[in-house]
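Next up: just one chain, as structure tokens, the form predicted alone.
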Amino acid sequence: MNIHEYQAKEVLKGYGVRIQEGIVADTPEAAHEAAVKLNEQTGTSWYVIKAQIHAGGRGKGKVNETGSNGVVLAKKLEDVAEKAKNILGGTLVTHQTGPEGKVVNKVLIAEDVYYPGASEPKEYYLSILLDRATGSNVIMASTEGGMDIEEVAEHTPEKIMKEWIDPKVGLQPFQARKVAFGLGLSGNAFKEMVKFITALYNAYEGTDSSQFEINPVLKTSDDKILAVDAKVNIDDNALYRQKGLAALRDVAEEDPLEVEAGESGLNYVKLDGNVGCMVNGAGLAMATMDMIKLVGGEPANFLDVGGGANATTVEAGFRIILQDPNVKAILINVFGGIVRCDRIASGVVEAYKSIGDIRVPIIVRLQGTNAAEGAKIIDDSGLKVFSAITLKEAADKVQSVLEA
């Protein structure tokens, strides 16, 4: 589960991570009030207005309606409301949103932390994530922080250092010092970075997150280390024990079909293909998608209805898949172990009749308990539903539909 920057920063602050202070607002008037309050709290006289969407690249992104960037600086209090107005309600397009962009419902009014001092401010990159290949957490850091970190990763990956953390023992003090030293820091800035990394790792573990990305981490001109941005992804499987974090979910930022699927107890991910998939079990779903590609089709989705599929879940799956106008056929592939195939077949027929006008062919492949009985129910239904025994047979029927 992703959360907004302003939410992530509050979470980090609770673990002792120093952040760029800010106040969220959802109207131009509220943005002005937030700037006034922020001035009273921090003394800042310049303000950064930052669009709050679940995507990166906001500083380079453009709001379609006004041409404003997603992150802008206001050097006068009187300018805050107008600059916020140019962002709020608009569709922000970045390299991560795709051409459709995302509507901005909130902005963060943040303090300017690039103030003059004894030395120049310096931006770094820092992230913590799970490395599934090693079964360890890994800290990734670079001296090349800022908006072009993707180009750094692509063209000069040697500038990104990695430090693997054994989750059984956690982050050791020497490892935090190693990262800070690798960033070329010394003196008070070195000590501050060590504290920052330690607090950040504690937050990562304490929130059951799968990824933290702080870009940039800023060394201010007076050697403070703070998070100017924060992207946090919390492991969905841990939300049952992170009730407070689960409440931060913003469904307006998520794919509506994925939200609808979740409410029906389905695991759904939208893809760009033309064959809708409805399968029980993630491994079988992946194999089904591979077979679709082998016969020249493209999966339109990943949809796992789980082991207890019935008429209700099948109907919910149908309704979700059919909302995708690119779908030319639907392939249902079910192994009848926990649930009998004849019950699945009856559920398919009931769901088909309940929905009514389904204009795409449906291929149903059933294997396992009562598979023959299930195939007979499908064949005798009189509906535009076709049964198959093997996965290859089902894929071939999908191919013939696409070629028709």
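Numbers follow the displayed sequence, beginning with 1. The model shown is predicted, which means the values in this text are computed figures rather than measured ones.
This next part talks about the form predicted together with guanosine-5'-diphosphate (GDP), which is not shown.
Looking at 339-347, 22-30, 365-373, 42-50, the stretch with residues near guanosine-5'-diphosphate (GDP) in the predicted complex, meaning non-hydrogen atoms within 4.5 angstroms, turns out to be 42-50. Though the partner is left out of this view, Gly281 does not reach within 4.5 Å of guanosine-5'-diphosphate (GDP) in the predicted complex, counting heavy atoms only. Using a 4.5 angstroms threshold between heavy atoms, Val113 counts as touching guanosine-5'-diphosphate (GDP) in the predicted complex.
Using a 4.5 angstroms threshold between heavy atoms, Asp304 stays clear of guanosine-5'-diphosphate (GDP) in the predicted complex. The closest non-hydrogen atom of Ala246 lies beyond 4.5 Å of guanosine-5'-diphosphate (GDP) in the predicted complex. Distance criterion of 4.5 Å from any heavy atom to guanosine-5'-diphosphate (GDP) in the predicted complex singles out Gly146 from the list Gly101, Gly273, Gly146, Gly89.
Scanning Asn333, Asn215, Ser209, Thr220 against guanosine-5'-diphosphate (GDP) in the predicted complex with a 4.5 Å heavy atom cut-off leaves one residue, Asn215.
In this stretch, 122-145, the one residue having a heavy atom within 4.5 Å of guanosine-5'-diphosphate (GDP) in the predicted complex is Glu123; the partner itself is omitted from this view.
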